[in-house]
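Just the one chain here, laid out as structure tokens, in the form predicted on its own.
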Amino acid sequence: MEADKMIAAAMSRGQRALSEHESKLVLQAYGVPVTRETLVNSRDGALAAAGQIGYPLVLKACSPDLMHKSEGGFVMVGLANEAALLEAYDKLTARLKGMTADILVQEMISGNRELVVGMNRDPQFGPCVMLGLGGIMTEILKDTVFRMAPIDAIEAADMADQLRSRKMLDAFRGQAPVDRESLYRCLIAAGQIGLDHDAVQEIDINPVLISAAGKVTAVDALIVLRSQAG
């Protein structure tokens, strides 16, 4: 489904946000590299998805009503085989008792460099793009840079260079430098989605994981929609 149709459909259903899977589909439509993943609603479906993606895997409960899955125990990582996958599937579905959600079967990506990319619609300045140090360091170090949308590759490069922790983007302890073109594509996309879709209030891509080879991948994502109250 095209991004505009997906967002319009979510608004018509009264959703406060897109699900993680929906959010990634929108981002992917704008050129953001995202994890390989499949949405399922059965144990057999999970096994079939695992057969296509390969182990190790991550399982996540996926619903527009679950905007903070980790805190609720709705994410299970490092699933190395069928037995672990099915055990995790059963635990997740048990925790979802009474809730409506599918299960996201997602490839597990390794990497110890994490960034966050975001967009927030400022009442005065409109869509503003954010780049920062990601993961648990986001709130601790507050190493972030902001720009008003639209931004181009030159401005995206300037944002990356303004980070205090910018040296992590270079070759680092045997790891390759980050694929800067992919990173810039994430930043440009976040701003462009805000410009193209008034219904999108906020985008949070955290973490954007950098592999040892320098590959950039959006591992988790959330698109928040504007309030329809009133």
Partner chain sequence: MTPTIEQHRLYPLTCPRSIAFFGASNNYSSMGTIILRALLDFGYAGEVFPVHPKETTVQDLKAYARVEDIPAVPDLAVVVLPTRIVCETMAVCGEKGIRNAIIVSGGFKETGPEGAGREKELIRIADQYGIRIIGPNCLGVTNTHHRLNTTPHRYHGQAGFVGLASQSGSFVTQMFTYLDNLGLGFSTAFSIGNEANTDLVDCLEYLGACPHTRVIALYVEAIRRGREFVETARRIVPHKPIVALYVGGSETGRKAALSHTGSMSGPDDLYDGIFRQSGVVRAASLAELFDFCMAFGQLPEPAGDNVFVQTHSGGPGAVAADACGRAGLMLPEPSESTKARIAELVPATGSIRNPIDVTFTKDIVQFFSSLPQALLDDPQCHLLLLYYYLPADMIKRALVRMGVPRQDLDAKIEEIAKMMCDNIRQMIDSRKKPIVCFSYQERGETAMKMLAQAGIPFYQGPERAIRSIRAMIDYRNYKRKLAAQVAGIR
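Numbering follows the first chain given and starts at 1. On a predicted model such as this, the values are computed, not experimentally measured, just so you know.
From this point on, the text means the form predicted in complex with the partner chain, which you will not see here.
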property	result
Answer range among 93-101, 106-114, 77-85, 120-128 for contact with the partner chain, defined in the predicted bound form as heavy atoms within 4.5 Å	120-128
Close approach of Glu202 to the partner chain in the predicted bound form, 4.5 Å, heavy atom	yes
Distance check, Leu195 to the partner chain in the predicted bound form, heavy atom within 4.5 Å	yes
Partner contact for Gly72 in the predicted bound form: the partner chain, 4.5 angstroms, heavy atom	no
Proximity of Gln162 to the partner chain in the predicted bound form, heavy atoms at 4.5 Å	yes
Every residue of Met168, Asp170 and Asp179 near the partner chain in the predicted bound form, heavy atom within 4.5 Å	no
In the predicted bound form, residues of 142-163 near the partner chain [heavy atom within 4.5 Å]	Lys142, Thr144, Phe146, Arg147, Met148, Ala149, Pro150, Ile151, Asp152, Ile154, Glu155, Asp158, Gln162
